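Next comes just one chain, in C-alpha cells: the form predicted on its own.
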Amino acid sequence: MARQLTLLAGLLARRAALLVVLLAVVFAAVEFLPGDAARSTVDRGSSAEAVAQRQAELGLDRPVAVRFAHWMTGVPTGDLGRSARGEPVADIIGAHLPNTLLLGGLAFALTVCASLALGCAAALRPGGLRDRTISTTATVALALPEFVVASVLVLVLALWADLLPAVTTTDDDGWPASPTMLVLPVLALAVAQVGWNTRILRAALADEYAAPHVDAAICDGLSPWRVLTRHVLPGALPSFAAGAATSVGMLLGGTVVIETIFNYPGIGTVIAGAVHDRDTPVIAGATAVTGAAIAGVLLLSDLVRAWATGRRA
C-alpha cells in the first residue's frame, strides 16, 4: 500500500510539474505575439505616454519571468490575478466553465456510447461488410478537423434543412437558451473522437478475440454476444479507457474552435477573446483550470488501467 501511495504521489508531482512548465510556455508564447494588453485596452489613437502608463498599471514593464513568478504565487490560493480590464480571472472562468463542462461532458458521453456500440458491432462480424464499413468510416471521421465538421453541420442542418440553430444565445442565467443549441456543437466535437475511440476499441477487441480463453468459450457454444460481453469486452476496456481519457483533452482543446464558431459562451470563447487582447492572466488561468482537469482525468485513467491489469495478473 505504501509503495502504491508513493507511486501515486510521484505521478501527481510529475503532472503538477508538467502543468507549471505548460503555464510558463503560455506566458512566453503570449510575450512573442505582436501587441500587448495595454494597447488592446486603451482608447484608439491614445498617445505613447498613455500606452506606457497603461503598461505600467498592468505590470507589463516588468520582465515576463517576474510576472510569471508573481502570478504563480497566487495559484495555490485560487487567486488567478486580474484581467487586463480589471475583472478577477477566477470570476471570469467561474462564469463560463460550467457551460464548457456541459458541452464537453455531453460530447464525451456521446463519444463513449457511440464508440462502444460501433466497436462492438464491428467486432461481432470481423472482416464482414459491417466491420469494413464501420472501420473505414471511423478512420475518415478521426481525420476530420472539428472546424470542418462544424462547417458541414451548419451548412446542412442549419442553413439547408433549417432544423437546428447555428448560433447560441443565452438565457438570463448565462446557459444556452434552448437544448437544441447544444446539438451541433456536441456533434462537431464528438465526431472525430468517436472515430478515434472506435478504432482503439476495435483493435483491442481483435486482440482479445485471439486469447485462448475466448476460443474455449466459443467452443463451449456460447452465443457471440455472450462471448463478447463476458470474455472479450472486459479485457479491452483498459485500452478503451486510456483512449477515452485522451479524448477529454482533445474535447476540451476543441472547445476553443467550436465555441467560437457557434458563439457558445464557454471557456473557449474566453480564451479566444483573451488571445485577441493579449490578456496573459486570463489565458494562463483558463489553461491552468483545463490542464488540471485533463491531468485529473489522465490520472484516473492510469488508476483504472493499473487496477484492471492487477486483476488480470
Partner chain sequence: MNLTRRHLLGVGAAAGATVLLSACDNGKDTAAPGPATSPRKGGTLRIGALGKASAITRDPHGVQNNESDYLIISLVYDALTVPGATSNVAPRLATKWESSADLKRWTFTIPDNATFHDGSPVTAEDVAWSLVRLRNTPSGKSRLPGVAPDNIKAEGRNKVVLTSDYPNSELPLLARLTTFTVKKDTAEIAGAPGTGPFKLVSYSGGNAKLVRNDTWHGGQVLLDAIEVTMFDSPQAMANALLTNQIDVASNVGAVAARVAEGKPDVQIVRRLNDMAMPFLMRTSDGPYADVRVREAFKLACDREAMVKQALSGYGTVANDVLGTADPAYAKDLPQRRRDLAKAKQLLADAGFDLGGTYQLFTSEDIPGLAESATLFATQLKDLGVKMEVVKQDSTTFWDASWQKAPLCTTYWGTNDSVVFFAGKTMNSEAAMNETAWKEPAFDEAYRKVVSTVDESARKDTLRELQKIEHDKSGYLLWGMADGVDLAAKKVRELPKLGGYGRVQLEKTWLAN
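Residue numbers count along the first chain shown, from 1. Quick caveat: nothing in here was measured; it's all calculated off a predicted structure.
The next section is about a form of this same protein that is not shown, the form predicted in complex with its partner chain.
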Assess the spot marked by G35, D43 and E57: is its partner chain within 4.5 Å of a heavy atom from every one of these residues in the predicted bound form?
yes
Answer option from V270, L252, A245, A288, heavy atom within 4.5 Å of its partner chain in the predicted bound form
V270
The single option of R125, R85, R226, H213 touching its partner chain in the predicted bound form, heavy atom within 4.5 Å
R85
Partner proximity in the predicted bound form: P176 to its partner chain, non-hydrogen atom cutoff 4.5 Å:
no
So in the predicted bound form, is its partner chain close enough to R67 to count as touching (4.5 Å, heavy atoms)?
no
Spell out, yes or no, whether the shortest heavy atom distance between M181 and its partner chain in the predicted bound form is within 4.5 Å.
yes
Does at least one non-hydrogen atom of D277 fall within 4.5 angstroms of its partner chain in the predicted bound form?
yes
Candidate stretches 73-81, 234-242, 163-171, 203-211 - the one whose heavy atoms come within 4.5 Å of its partner chain in the predicted bound form
163-171
Within 256-271, the residues having any heavy atom within 4.5 Å of its partner chain in the predicted bound form are T260, I261, N263, T269, V270
